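The chain below stands alone, shown as structure tokens; this is the form predicted on its own.
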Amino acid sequence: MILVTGATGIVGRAVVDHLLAAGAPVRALTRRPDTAALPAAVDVVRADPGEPETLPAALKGVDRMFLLTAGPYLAAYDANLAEAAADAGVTHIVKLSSGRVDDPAATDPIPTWHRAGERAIRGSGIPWTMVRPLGFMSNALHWSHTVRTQDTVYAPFGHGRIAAIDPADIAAVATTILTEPRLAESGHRDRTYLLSGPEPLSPAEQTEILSDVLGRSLRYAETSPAEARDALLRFGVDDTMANAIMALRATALEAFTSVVHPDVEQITGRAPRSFHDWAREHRAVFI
């Protein structure tokens, strides 16, 4: 049995779907099973990484885990899940982490949280694999309202370029690793992978691709970081997460985020999907 945490989010749900397609038995951990809306083949269990007493039952019979947590309590969640996994006899954890964990200059919240989470997993004694994306193509979904209503993409850091990855490729990587029949011989044990898409793109370049996919003219309007932060707050994001997200967005100006890495193709045997592929698949959201 493979346990997926964060199973109702974009990446977690993609992992669930890929595992099911591979014929793997899947259990999903969620705080709200009644609203999870997961496929019938998934064993949905109620548990909360912030409530350690709820985890042993969720991990009973689990031998592998895809670990995805988020927010200021990420490190504590990872530690709780790793401890419960060790007690349950889990044999492998694949953690969705941050591409900047190994950068000592990355002292902003998100890589800091993930760095602590990785330490907790390593300390559990369970074989692990860390997958570290540089950015997510799905972040473009935040533009959908203004694309629909104003034919405009508003985003900060217009000169920044990120080799963002399609969440479906993260899921393909995780599924390949989790379903390897012989972990010790697969080369994935205690390894870290940097995951990227096939090319670095700026917000303006992504806008051009969306325009092509939608068949209508769109414009890119650069906003200030303060304006972008205010938009997050209006969307319902709290102060702590808004600050963390803006610090992460600012890394688009660093050379690190524009590097294309070969790990997706080396693990899955195929090239990562392009932003054009992703946009075409999600076209209906922007119409």
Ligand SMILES: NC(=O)c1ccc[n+]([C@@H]2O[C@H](COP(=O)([O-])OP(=O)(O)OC[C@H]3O[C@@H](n4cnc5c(N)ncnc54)[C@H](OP(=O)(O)O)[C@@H]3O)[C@@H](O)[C@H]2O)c1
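Throughout, we count residues from 1 along the sequence that is shown. Computed from a predicted model, the values in this text were never measured in an experiment.
Not pictured, yet referred to below: the form predicted in complex with this ligand.
Student: State the residue from A70, A57, A250, V259 whose non-hydrogen atoms include one within 4.5 Å of this ligand in the predicted complex.
Tutor: Of A70, A57, A250, V259, the residue with a heavy atom within 4.5 Å of this ligand in the predicted complex is A70.
Student: Please tell me which of V213, I110, A171, L194 lies within 4.5 Å of this ligand in the predicted complex, judged by heavy atoms.
Tutor: It is I110.
Student: Does R234 reach this ligand in the predicted complex if we count a contact as any heavy atom within 4.5 Å?
Tutor: No.
Student: Given that the partner is absent here, does I10 sit within 4.5 Å of this ligand in the predicted complex, heavy atoms only?
Tutor: So I10 counts as contacting this ligand.
Student: Is S97 near this ligand? Define near as a heavy atom within 4.5 Å, in the predicted complex.
Tutor: Taking the distances in the predicted complex, the answer for S97 is yes, it comes within 4.5 Å of this ligand.
Student: For R219, is any heavy atom within 4.5 Å of this ligand in the predicted complex, or not?
Tutor: R219 lies outside the contact set for this ligand.
Student: Looking in the predicted complex, is this ligand within 4.5 Å of a heavy atom from each of R64, R115 and W128?
Tutor: Not a single residue of the candidate spot has a heavy atom within 4.5 Å of this ligand in the predicted complex.
Student: Given that the partner is absent here, state which listed stretch (86-94, 196-204, 129-137, 152-160) has heavy atoms within 4.5 Å of this ligand in the predicted complex.
Tutor: It is the stretch 129-137.
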